[in-house]
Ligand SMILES: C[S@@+](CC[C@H](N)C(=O)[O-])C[C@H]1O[C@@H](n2cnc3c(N)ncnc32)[C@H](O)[C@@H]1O
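One chain follows as structure tokens, the form predicted alone.
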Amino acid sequence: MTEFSFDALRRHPDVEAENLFAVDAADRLLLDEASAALEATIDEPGTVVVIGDAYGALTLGAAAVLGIGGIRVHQDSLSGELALAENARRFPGLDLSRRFRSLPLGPELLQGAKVVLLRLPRSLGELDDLARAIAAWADPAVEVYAGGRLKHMTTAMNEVLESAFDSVTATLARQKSRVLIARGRREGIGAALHHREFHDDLGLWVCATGGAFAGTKIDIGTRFLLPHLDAMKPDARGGSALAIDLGSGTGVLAAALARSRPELRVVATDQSAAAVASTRETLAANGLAGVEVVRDDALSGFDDASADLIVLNPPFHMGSTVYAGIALKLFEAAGRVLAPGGELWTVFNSHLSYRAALQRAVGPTRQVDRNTKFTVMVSTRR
């Protein structure tokens, strides 16, 4: 029988590099601190929930090492969800794929949960959403073990958890990691309401969950790209002309593009569940029901040479690590999905100098606009 090993876990299909890891000390500490509570649920399968498991270390560790079954899992990142499934298959003799199921954040995930393992998100808004959801739907006796790396933890996280639970205590630190334990969920805590804001200058509603980048604001890179919408692939018209907002976030670019270019079929895509939910709400708030929204990892669900236009404001970090690899992955995906003559419009921090990468992945690239912070470029598929 294949033995379980944390060292065998990989990040694939997410970006992989020497300084990027599939498991860290916070994962191990979480499992150690929660081990007694987890073992107490062995005869109650289906009462353990894992939230924010990066690549499966928490879920598979609980299943393989502690023998927990019926684990319900929520990961915001689709690439993390896919990595969990792949990592489970690395140990065929243990049949780990049968020990868990992935679910969206909601009652089905949390009802009856007695132990929740949570990797602390860096966003307090996202943590508030998660704490409220657990308090609203989990078992009254639920215990929450929320862990992270010390450099990313703040006392404000304790305060967010205390707004939903009577007791929040901290474990001793180990290997620069710590776990917060929350007990006694407060009654009457409802699931989080999503936020919305109207931007008069654009005539646009922006809606956001707590985990969405920039919230209801419009980040300055997106603002720099918006004035160029009419210049993007102007000959793309008709019902068959496809434009994709790649990494849609809160859906600002998709909404603005659909409104200003009604002749295009617009699809918004993001791998983040929080972003997809935010995009859907933004489009609905602006009466743009015709825009399709899909949760997708780097255009994996799109056919080769199928799009006329792709717009992209790429991230430049992986979690807490500044790393250009995610942008390069998206450039390559765009190059595959664009039809000959199709255009990729990108905005990015000027110091990143992506021109050469864009030319390799897509084709001839020219600068359209630039200021002290951002550059807009258009790349045309050969």
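Sequential numbering from 1, following the sequence displayed. For clarity, every value in this text was computed on a predicted model and none was experimentally measured.
FYI, the form predicted together with this ligand isn't displayed, but the following is about it.
Look at 180 to 188, 271 to 279, 107 to 115, 159 to 167: in the predicted complex, residues with non-hydrogen atoms within 4.5 angstroms of this ligand sit in 271 to 279.
In terms of contact with this ligand in the predicted complex, the residue from 308, 296, 126, 81 that brings a heavy atom within 4.5 Å is 296. None of 326, 54, 31, 337 but one reaches within 4.5 angstroms of this ligand in the predicted complex through a heavy atom, and that residue is 326. With respect to this ligand in the predicted complex, the three residues 245, 249 and 330 uniformly fall within 4.5 angstroms at the level of their nearest heavy atom. At a distance threshold of 4.5 angstroms between non-hydrogen atoms, residue 69 is out of contact with this ligand in the predicted complex.
This ligand is not drawn, but in the predicted complex it has a heavy atom within 4.5 Å of residue 253. Remark: residue 102 does not count among the residues lining this ligand in the predicted complex, judged by a heavy atom distance of 4.5 Å or less. Shown alone here, residue 222 lies within 4.5 Å of this ligand in the predicted complex, counting heavy atoms only.
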